[in-house]
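Take a look at the structure tokens below, where one protein chain is shown in two forms, each on its own, as structure 1 and structure 2.
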Structure 1
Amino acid sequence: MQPKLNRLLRALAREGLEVAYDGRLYSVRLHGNAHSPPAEVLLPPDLPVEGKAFRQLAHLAALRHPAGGEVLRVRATPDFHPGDSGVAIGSVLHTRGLVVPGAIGTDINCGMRLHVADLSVEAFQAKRDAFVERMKGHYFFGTRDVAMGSRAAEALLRDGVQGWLLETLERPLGCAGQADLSQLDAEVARIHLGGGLKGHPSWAPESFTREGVVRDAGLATIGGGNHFVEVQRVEAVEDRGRAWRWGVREGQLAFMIHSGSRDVGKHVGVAWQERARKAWPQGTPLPDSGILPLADERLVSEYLEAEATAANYAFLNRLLLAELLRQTLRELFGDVEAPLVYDVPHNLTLPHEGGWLARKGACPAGVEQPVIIPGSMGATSFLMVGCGDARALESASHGAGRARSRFSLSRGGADHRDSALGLTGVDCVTLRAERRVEEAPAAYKPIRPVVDAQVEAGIVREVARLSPLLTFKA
């Protein structure tokens, strides 16, 4: 390992980076930039290192604004890899006096949601085909009936799931009319932040704020990339006491959802990255990284309100994806409760120790908080509990992390055999053949070393493992 590590450190030094490694934690900063804090990366020695991701982290740590503010710390989770927008996926950024829209990007409040059901795998598999046909209609062909009144839409954007529920209780429309609204109300306590932040309808696309009945095409949709809905089996329980309190039992059916704010997040994210560019002081060179922070108090406040608006939409998007699945289980199997275990966000800026904490593809991992870490669609996923580790900025990985780009997998000449892609035995439902290839297990790092590194570092503890049965990819 040592000769290989030395070669890596020399290569990174040639790229203008100062890098140190103690066998567990990398420390990286731009050469000659001693005033910036070093970015830290928790990474086991057997996982791949990407120079581009290190450069992105170092540039993030070196961010400055002419009007003031500072970067206090930058940390990356073991699943970190380069991001298309110049910010590495898995980055956690602690600032004071500035916020960074680019550190969140356009997939605001991308996150995970996990339900369990007292239904055997055998019973589910017996009706698998009927289930798949119904869910393909909901998720792919637009047969879902997702509607709400304009008052409910406005309440969602302002206050999140609780605002939407209050209005929906008075006038349930579409699939909400078939939902157990009292159950949804009780489950709000199992959504991080109660499923709501202080947003404002003015930041959303106009199509979502019109008068009358709102039928938004993006709600209850999975989205592209690494987003999914997966049916799983609770394979093993490690912390029986905590699993029992969370309603999790070995052998249960489970379903896990990974999705975000769809077009509303894109609308907000793109607008604010452009606004940050226009707000940059004239005559001052733009940062080499292209990442532009905001330091003006009014702009910071407005951006956080806009981000919250998209986050509220994402919370409801995951809720409705789950509710359509839960209603389908009830149609096929009768009275299935399928309670929520937890819903946790990734891409958000939240208050932290007098400043702001921005997570880009990282999961909150506060003390006693459920943490959901999915593997690839052919691998085990993990239900964990957070330890509130301060050095890790109370953050854990949001998955295994990509090992190969989508381009490298889809280009001509690549080996597309199921055995080469790790797809043997994987039940993936998608309308796009390329999605199955781009998101194949071979595209991702092995999940076990990523999880083990975080357990050994005291960031999370294992509660249960879940094995995949069936994965929906848009």
Structure 2
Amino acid sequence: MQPKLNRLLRALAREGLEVAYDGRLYSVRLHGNAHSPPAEVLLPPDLPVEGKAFRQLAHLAALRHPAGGEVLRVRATPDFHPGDSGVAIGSVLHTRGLVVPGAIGTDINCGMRLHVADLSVEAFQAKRDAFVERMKGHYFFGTRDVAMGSRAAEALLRDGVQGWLLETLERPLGCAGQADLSQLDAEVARIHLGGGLKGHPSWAPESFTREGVVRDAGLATIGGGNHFVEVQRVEAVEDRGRAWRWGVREGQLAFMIHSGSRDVGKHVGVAWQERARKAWPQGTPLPDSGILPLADERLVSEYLEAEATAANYAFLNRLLLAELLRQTLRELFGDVEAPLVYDVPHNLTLPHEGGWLARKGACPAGVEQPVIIPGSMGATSFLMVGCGDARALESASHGAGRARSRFSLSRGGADHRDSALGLTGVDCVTLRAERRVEEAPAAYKPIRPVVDAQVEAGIVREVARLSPLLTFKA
């Protein structure tokens, strides 16, 4: 056990948390909750963890609904940290007969997308400024008011990327030039779940379901917080065979996209956390953890359909962010290919062993599945492959995890010099100067120990490392 962590865990034990360490994993459980499973977490050495995150984890495992259903297991990723719906980010929740809207929250189908291109760093940097100007136009000023047919919008919300493709006869919104729809179609196989779940337009904001043309779809926008679009270099390849099969080679340029379902996810997430509160049985006190499950069979399936609707939107949002980038590359560099490596959600509820698995900021890591773990700004990102570790609930971390809050950096008397924030040498393009500070390297924990711990535990293996060249932040 680590001394600092040891002190924290002793303090938690005094306030009623049962804490154990089996030489590999830490586990926590609310005192007197022997009926519920302990929540397990893998922690790298010397990584700061907040007590609040442990408390949230223990409460999640202790969750019950008077009408039935059960929590089968709770596991947290090594980068877990407190979340504001009462569920820690990095929580993986396996349930049967109940689901928890707050275990996903509002950032539904937040996820990662990775492309590679056979273009040298030198060739790219020679046209860096022109590239930045065009991408700023697309990402920061471009696509918000671009119209989308309501048939395409409905097909998207119902069936995801595949449905949208069938209804998209012309070029996708806002994209300069023609998109290669047959290429997009072929790439659907490299999107987790084929880029579509069974959704329904009625769960989307009303502006989407109105007859006629959707003028304000908000697609192809990065979003805030830790979301970004980054140009990278494939720095090192560890697993040559697998990298080759995935089209990844050392020295290539890479494009990594971290974004989600924007306003649609917020719309669904807020509505369903409220609905769970209203559906809580009368006469039973609301749990003070603030974590509210749904147990009614019909409400469960309605929630999952609503979540799927937002998820479908997020899949297309990432696809279009990539498409704008790919088309800008073609404009500047000629006929350069930038094939999709993989697109994977890390904030989604999916079926699992006859129940449900809610990953809140955790990347699926089933056997042979591509796992994309982004570093924070300025840091290395990782392309990994899942090992299907059952004890980890087939899940890996989705980043390094926040070390300091946005507030503590934006105010709180922080040292705002680039050197103190770790921003020296970081090329970050943003319209809001405060983003650079809030998301600066100093705001995050180091990624390497988080990745190493998961490799040692047999959760993932390294395929390639990617180093940042240029980051876009909204």
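Bear in mind the structure is a predicted one, so any value in this text is a computation, not a measurement. Under this definition, the rigid core comprises the largest set of C-alpha atoms superposing within 1.5 Å between the forms. One-based numbering along structure 1's sequence throughout.
The form predicted together with the DNA appears here as structure 2; structure 1 is the other form of the chain. Once the rigid core is used as the reference frame, the Cα position of residue 458 differs between structures 1 and 2 by less than 2 Å. Once the rigid core is matched between structures 1 and 2, the CA atom of residue 23 is found 4.6 Å away.
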